[in-house]
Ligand SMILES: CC(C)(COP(=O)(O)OP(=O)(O)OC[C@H]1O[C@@H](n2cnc3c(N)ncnc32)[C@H](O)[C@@H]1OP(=O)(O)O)[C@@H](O)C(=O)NCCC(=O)NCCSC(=O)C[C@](C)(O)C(=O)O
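Heads up, the chain below is alone and in the form predicted alone; it's given as C-alpha cells.
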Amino acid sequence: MSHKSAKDFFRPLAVGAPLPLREIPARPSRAIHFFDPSNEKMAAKIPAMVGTVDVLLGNLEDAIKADNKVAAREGLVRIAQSTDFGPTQLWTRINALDSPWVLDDLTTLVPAIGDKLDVIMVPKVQGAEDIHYVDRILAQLEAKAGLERPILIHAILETARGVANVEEICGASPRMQGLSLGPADLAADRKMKTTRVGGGHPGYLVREDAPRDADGGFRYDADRFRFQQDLWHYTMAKMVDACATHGIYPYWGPFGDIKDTVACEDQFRNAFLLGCVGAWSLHPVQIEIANRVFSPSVEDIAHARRVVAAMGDGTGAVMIDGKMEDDASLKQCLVLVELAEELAAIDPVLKATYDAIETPEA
C-alpha cells in the first residue's frame, strides 16, 4: 500500500485553494453553544450572544427535523451574513455524510459564508476516509469561492469504529481542528445499557468491601458505601491522547440533563482535568458552567505563576510550600499560565481577575 508523502499534506487539494495550516491556532472555545438557525426566536438572540460565548454553532443535523433542514441551512446563511461575530467563532454542524442533505450543506455554506465559518463539525465520523472526503470537497469549494483561509474540520466520535480509528482520524488532514465525544450515539452504537446523555450511571459502580464480624467472617448483608464510576473515562482519555499527539483539541460533547447543573459541572470538570479545552452548550445556563470550569482557577494560576517565577531556566528543583517542583512541574504550570493568557485576551472579566492575582516570591 502506498502512502502519501508528508510534504503533500501541506499542499492544497484543489488548484487555487488556500494553503493548509501547519499549526491549529489555540483559540479559546470553552463553550460551543448550539442553536437552531430555523428557529426565528432563537436566531434573533444570536447577535446579543456575540462576545458572551467563545463559539456559536449553527446546527443542521440532529435535533433539526427533516422538513426543516433547508430552512435551517438558509437561516444560518442569513444569520452569518448579517452578524459581526467579533471575538466569537462561528461553527456549523453539517448533516451526516450518509444523509441526502450534506452535499447541499457544503455547496451552499462555503460560497455564501465561507469567509465567516471557522469550523465545520462532521458527525458520526468512522475513519480517515470520511475526513478525506470532506477535505477534498472543501478545497474545491474554497478555490471556487476565492477564500483566503481554509475552513477547519471538527469530528464527532459517535461510533465504536470511530473510537477505534481515533488516531487516524486526528491525523487525516491539516484541517483537523479537534474532536468531540458524542456519548448518546456512541452508547447506542456500542449497545451500552444507558439512556442518559453523558454523566454517570448508578449501576456502574464499585462497592466497599464487606466488613468483618467479631469472629472474622464477612458480613455481606451490611450496608456498604457505593462509588459511582465514570462510563466515559476510557473513551475521553483515548480521545485526549490522540488529539494531543496530533496537535488538535479535544472536547466533551453534550450533557443532556439541562436542569442538573451540578452533574453537568462535574462532567465538564472531569473533561477539563483530563485535558479537554471545552464542551458543548445546549442551553445558556451551560455556557456559564463551561466558561467557569474550562478557565483555570485563581488559586491554580497563582500557584502556577509562583512555580514559573521560581524555576527560572526550568532546570533543577525548588521547594514551594513544602512540595518539590521540578522541570515536569514547570511544564504542567506553563499549560495553565498559557491557557490563562489566551482566555484573558478575549474575556475582560477573566483578565481583570487574573491581573489582580498577587504572585508572592517563591
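Note that the structure is predicted; figures quoted are calculated from it, not measured. The first residue of the sequence shown is number 1, and the count goes up from there.
We do not show the form predicted together with this ligand, though everything after this point is about it.
Out of the listed residues 117, 153, 282, 240, 282 is the one that sits within 4.5 Å of this ligand in the predicted bound form by at least one heavy atom.
Out of the listed residues 26, 63, 66, 317, 63 is the one that sits within 4.5 Å of this ligand in the predicted bound form by at least one heavy atom. You can rule out all but one of 133 to 141, 84 to 92, 274 to 282, 199 to 207: in the predicted bound form, only 274 to 282 has residues with a heavy atom within 4.5 Å of this ligand. Within 4.5 Å of some heavy atom of this ligand in the predicted bound form lies at least one heavy atom of residue 33. By the criterion of a heavy atom within 4.5 Å, residue 38 is excluded from the residues contacting this ligand in the predicted bound form. With a 4.5 Å cutoff on heavy atoms, residue 231 does not count as touching this ligand in the predicted bound form; it lies far away.
Though the partner is left out of this view, residue 254 does reach within 4.5 Å of this ligand in the predicted bound form, counting heavy atoms only. Annotation for 173 to 197: interface residues with this ligand in the predicted bound form are 182, 183, 184, 185 [heavy atom within 4.5 Å].
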